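Okay, so here's just one chain, in structure tokens, the form predicted alone.
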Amino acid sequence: MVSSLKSCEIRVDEPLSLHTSFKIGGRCDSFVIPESIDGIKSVLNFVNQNKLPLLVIGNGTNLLFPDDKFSGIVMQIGEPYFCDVDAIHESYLRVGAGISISRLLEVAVEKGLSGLEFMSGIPGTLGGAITMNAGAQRKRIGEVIERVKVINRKGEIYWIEHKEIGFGYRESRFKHSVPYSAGQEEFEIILSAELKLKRGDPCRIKARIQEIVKVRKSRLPLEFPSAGCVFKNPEDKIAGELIELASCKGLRIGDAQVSTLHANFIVNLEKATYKDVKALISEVQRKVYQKFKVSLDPELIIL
């Protein structure tokens, strides 16, 4: 039984809508929050022995869960666990995958380290950001990642160097090894990462962070639940501009709506469902392709 898991907080029949920024999703059989590596190993042993599906998440800021029940285990790597920060060099940090980006930026200010300011205002955890190679202002988190510590399905722990991570535009090797099914033989769960930053003036770093956050708040529909930008930017184009020019701003299906403030956001006005969002994504793709012959690919992870 799942109650036998060690070093874990366990919630049975948990609504997944509580664990995504979209506030959408059905229930899962078991929602597990490991408190240590031993806790993660306990979960891995359990799903291996019982051949159960396992889904690993951070803060759920880039996920769309189905409304149906998830018959398996959802494991969250997040605060207050896996958040340790160690200075291993004057400009290097070793950071747990569960730390929020906002807290990581606070630590950077405290230590006078620059190089992460472009991540200001981006929600989620470090592990999730690495998985998606998140970023803004033409910069990506992968640019400051030296190596990543992971645990695989067998419980083996090892480091992966930057060149082996396969960072690309909203891509990394971890995005394709996220375990969804009981039969998936290989996957890797991020435990921590080493970041290479540079020395800077704490006051200037803090001021830059505050400036970026202020701009984001003025341009993004943060008053409604969403999962950030839904589509990747096509080569040499901006997805939001194409969506707006295709007259999709304000387009609505059920309680899912293309934001009237930022066209690459889909917001949950109140009771949007998985089907609402999926249908709206398809309609936006259809209208953009009809007008520009450009296919929009989601950066949102749709389960």
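Start at 1 and count along the sequence shown; that's the residue number. Remember, predicted model here, so these are calculated numbers, not experimental data.
The form predicted in complex with a small molecule is left out here; the points below concern that form.
Among Leu93, Ala108, Ile73, Ile190, the residue placing a heavy atom within 4.5 Å of the small molecule in the predicted complex is Ile190. Shown here without its partner, the chain carries Ile77, Ala136 and Phe265, all of which come within 4.5 Å of the small molecule in the predicted complex through at least one heavy atom.
Although the partner is absent here, Ala97 lies within 4.5 Å of the small molecule in the predicted complex, judged by heavy atoms. Contact annotation for Gly124: at least one heavy atom lies within 4.5 Å of the small molecule in the predicted complex.
Among heavy atoms of Arg170, some come within 4.5 Å of the small molecule in the predicted complex. Among residues of the shown chain, Arg216 is one whose heavy atoms approach the small molecule to within 4.5 Å in the predicted complex. Only one listed stretch (267-275, 247-255, 55-63, 28-36) carries heavy atoms within 4.5 Å of the small molecule in the predicted complex, and that stretch is 55-63.
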